[in-house]
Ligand SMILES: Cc1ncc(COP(=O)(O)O)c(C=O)c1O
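Before any questions on how it binds or moves, here is one chain, the form predicted on its own, in structure tokens.
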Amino acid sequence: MPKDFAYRLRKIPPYLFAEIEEKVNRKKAEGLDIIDLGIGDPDLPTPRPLVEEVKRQLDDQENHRYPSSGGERDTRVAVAEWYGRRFGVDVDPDREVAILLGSKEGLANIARAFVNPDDHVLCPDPAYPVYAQGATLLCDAVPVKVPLRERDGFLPDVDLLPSDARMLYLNYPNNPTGATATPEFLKDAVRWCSETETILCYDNAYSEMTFDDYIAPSVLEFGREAIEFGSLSKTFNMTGYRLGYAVGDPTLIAGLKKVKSQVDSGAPKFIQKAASIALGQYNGRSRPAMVEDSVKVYKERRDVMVRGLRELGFNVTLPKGTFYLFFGIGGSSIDFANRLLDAGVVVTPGIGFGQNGEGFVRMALTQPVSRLEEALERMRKAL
């Protein structure tokens, strides 16, 4: 029996993050103490009230039955009401909301709903690999790289983009760069997509992870002909729960739900119930205590790490969003990462986010301050 991968899967490049994980495991097996700043997985605990709510909901036998693939209505209502309080956007929970198995799933499945073989999809570079790979290549489409450059604040000039694409992915606050988008940029992006009939997919997973009085907007504040993806993973430290949402244009939501009806049976009801409680903590644009407490921790870590990296001679921008630092290292990002790994510090080579990420590395602020200070000391000795 032939066991060759399908040709579309053979187009996917080796997953650098899996290779890094393998190297890290080898180092651990050798007995090396590892400070992992590679993966964007919060080390902070899920807020206790949400854990208790999941436990409580597990006692209801109804929550052990199949959920709806597009999301339970009370969860969709909770998302819609949150959008109203947080962004001032009026959302129809029945036509403009879908509940996801984490936003990653939705970012990939929206392409399955609207992208045809050989269509062009505009994918930022550097960027979260799902846009170009899990979405575009696995739909037999062509990823067209949109360079994000440090000198431009990692924002593309949308008016210079090719106008024959089917879809455009944008993500601010940005992974991996930590960049944020201005209202003027988002207005231009929405306008350009409308004029060129390009589907705008906006990844807003880090909307609540912001600092220094910066409040991230929703792209839907600037136009409704788009689809926006969000997640509870970073906001509420719920990465393992796998719950996200998509909000936006009814036709785009309908297409996404139709795909989901064929490939999954929805997120567990007991997790959706906890998500409703989590989003209900918001009274307006300000973050509730359970989110603000996490952001304060990340801000302290950001400040410690930026100060330490600058003392080591790196030109590091103080990001206003995400819990990542992305900075130039003046050479091969893989060589730099390997050198640090030998010293027991894991960072992600920028090349893993696309060719325009070469010469940079990303650090995730997912370790306590004491471990970050130890990482800085190890870097000082290694470099």
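Counting begins at 1, following the sequence as shown. All of these numbers come straight from a predicted model, not from anything done at the bench.
Beyond what is shown, the protein has a form predicted together with the named molecule; the following relates to that form.
Stretch 199-207 is the answer when you ask which of 249-257, 289-297, 199-207, 180-188 has residues with heavy atoms within 4.5 Å of the named molecule in the model of the complex. Residue-level contacts in the model of the complex: of 109, 75, 171, 136, one residue has a heavy atom within 4.5 Å of the named molecule, and it is 171.
Only one of the listed residues (83, 154, 236, 128) places a non-hydrogen atom within 4.5 angstroms of the named molecule in the model of the complex, and that residue is 128. With a 4.5 Å cutoff on heavy atoms, residue 223 does not count as touching the named molecule in the model of the complex; it lies far away. At a distance threshold of 4.5 angstroms between non-hydrogen atoms, residue 175 is in contact with the named molecule in the model of the complex. Put simply, residue 102 is close to the named molecule in the model of the complex: some heavy atom of it is within 4.5 Å. When the named molecule is considered in the model of the complex, residue 324 lines it closely, a heavy atom lying within 4.5 Å.
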